[in-house]
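Single chain ahead, written as structure tokens, the form predicted on its own.
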């Protein structure tokens, strides 16, 4: 069964069930009140009739006047009075054969009895006069309220239920469409995403919290899939391309050296060349393996509490040992008072590696100019900004900066392998973060890292 139909059926069942219970309660309460009220009216009339016919003439005239003034006649109102009765013979009295036996027995035993037959209601009571004689008074009448007003109420309830049913159906359909529509949009967009266009992302709504969380979760999953696909796709091509160059150089140097007998110093020079190429091969292999290992293999990374201000201080100390000419300036002016807001759930070694690579790149391409690192907390995210005034990146090459081993055209005079930035982005994505790069040629580059704040308590 489709989810939309389930929602409609659930809403219909809930609303109709509540409406039936509420309507039934109202109908039962009014009916019960109508019965009780009508028997009370019969009681008043029975006592008034007894006073008029059995009491002294003076009192009976007063009661008769009151009845005429304040008690309207009931439909088919009738009464019977048996004077000076003997209760033990009352049930078998021939004058009472038209009445219900259980009704008469109730009157004898309780002093008061009531019952109804079709639309006629009966009230009976034992009335004692001042001379202590007992008299039976029975008064009957049709209940106009029940026969007419309750029927009108019943019809009104049925009509209201029919109208309510139509309104509930319309409301349920509209409500289910409103609920399902964003989910169907996500399904349609997700079906369009395949291995050839993993860069596509779902639109994240601003208002619907549940759908917003669902879309964000899909996007996070696509980020992981895209990185894994890119890592796997690029690994073989990168390995074959980047490892082939030093291997070719090593083999060529060895072939040339062994092609004829040489002096010892020639062999030494040749071996030094081979050793240099072998070291380059080792560095590229290690970088390549590290990049592959950060391809979202969640089972290998152990996460814990990482305090980012301390991590940045460690990165500064590490980078200053390597880039001794650069000055690294820290801006901690926007740090929160609560230290818990500076902690993320992550792998300290990986985060140190990612931030170090970014800062090292900034120092390397700044030609000794100061590099600024700012740390702040905003909207549940810890933000790290690394800004330099270096050579920048050509605008037409910005789209390739995350490709492994890609090096911009203006970096010929700087050593590097083109691994640092894609490696840093992979690490940030592992931590559900985001890495953005903005650059202006010959004016510098700014790298912004956003990491979600850890949900820690004291």
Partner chain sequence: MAKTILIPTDFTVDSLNLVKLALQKNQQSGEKLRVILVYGQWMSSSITELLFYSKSRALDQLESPEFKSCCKLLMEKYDSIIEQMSLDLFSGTNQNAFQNYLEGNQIAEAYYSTHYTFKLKNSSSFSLIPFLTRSKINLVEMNWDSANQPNAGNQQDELSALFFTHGQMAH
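Numbering follows the first chain given and starts at 1. All of these numbers come straight from a predicted model, not from anything done at the bench.
The protein also exists as the form predicted together with the partner chain; that form is not presented, and the subsequent description refers to it.
Within 4.5 Å of some heavy atom of the partner chain in the model of the complex lies at least one heavy atom of residue 387. Among residues of the shown chain, residue 140 is not one whose heavy atoms approach the partner chain to within 4.5 Å in the model of the complex. Contact annotation: residue 438 falls within 4.5 Å of the partner chain in the model of the complex, judged by heavy atom distances. With a 4.5 Å cutoff on heavy atoms, residue 77 does not count as touching the partner chain in the model of the complex; it lies far away. Candidate site formed by 334, 378 and 383: every one of these residues places a non-hydrogen atom within 4.5 angstroms of the partner chain in the model of the complex. Comparing 84 to 92, 263 to 271, 217 to 225, 334 to 342 against the partner chain in the model of the complex, the single stretch with non-hydrogen atoms within 4.5 angstroms of it is 334 to 342. Among the residues 373, 319, 136, 308, the one placing a heavy atom within 4.5 Å of the partner chain in the model of the complex is 373.
Along 420 to 450, these residues reach a heavy atom to within 4.5 Å of the partner chain in the model of the complex: 438, 443, 446, 448, 450.
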